[in-house]
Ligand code: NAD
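A lone chain, given as structure tokens: the form predicted on its own.
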């Protein structure tokens, strides 16, 4: 049965960035299965195909927008268009991320150009700040909201495969989320981080075979995670069941990191 626009406006709306592949696509699918109207955002046009597949498999309202989150004006316009079309943003999942690598390995600090450093922080840290800032007024007005920022074990501890700019951006995202949680809590809005360890995505696959083998050996569960396992954690934090959890970092690492 087709979903009418009036029905969509009564539903909770979830926005997921970096949703064309990996954790983002798995999260959009999982939230759609949970009954959210989902808006998928990514800088590649393939996000439209992913959204259509999710809509076909779940029967829920699913939309796609091509957005480069490194561009502040695109972020502002994107949130405005979702609120105008669907009436609200109830859940924001800041998943979009980049981690440049060279020849199967990480960049040493002395080889990181300032332009590359700035781009990694723009996508991984500044974009979540801009998108959170844009959705907060509506969430505060409605007295309900869920913000889930996808950090990384690379922002929690050292890693042989994580470059300095990626580690700095993810550590910064965790610090930002804690302050956001403190400020938003009185308004019925929670803000949390999911911090994945090694997960089978294109980003992790860019590492060398030797690095992947060594990393796998160091994981107590002796395997990489599946994107759906991270998506399940995100879906829980987006739910009513997580109403008293805010400012938390949920490590999804197979035991690789235990604080």
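Just so it is clear, the model here is predicted, and its values are computed rather than measured. Residue numbers count along the first chain shown, from 1.
The same protein also exists as the form predicted in complex with the ligand; that form is not shown, yet it is the one meant from here on.
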query: Heavy atom within 4.5 Å of the ligand in the predicted bound form - the one residue of 64, 199, 233, 29 that qualifies; finding: 199
query: The unique member of 69, 40, 193, 37 whose heavy atoms fall within 4.5 Å of the ligand in the predicted bound form; finding: 69
query: Distance check, residue 21 to the ligand in the predicted bound form, heavy atom within 4.5 Å; finding: yes
query: Touches the ligand in the predicted bound form: residue 146 (any heavy atom, 4.5 Å); finding: no
query: Close approach of residue 170 to the ligand in the predicted bound form, 4.5 Å, heavy atom; finding: yes
query: 4.5 Å heavy atom contact, residue 123 to the ligand in the predicted bound form; finding: yes
query: Heavy atom of each of 95, 98 and 150 within 4.5 Å of the ligand in the predicted bound form; finding: yes
query: Stretch from 81-89, 162-170, 132-140, 105-113 whose residues place a heavy atom within 4.5 Å of the ligand in the predicted bound form; finding: 162-170
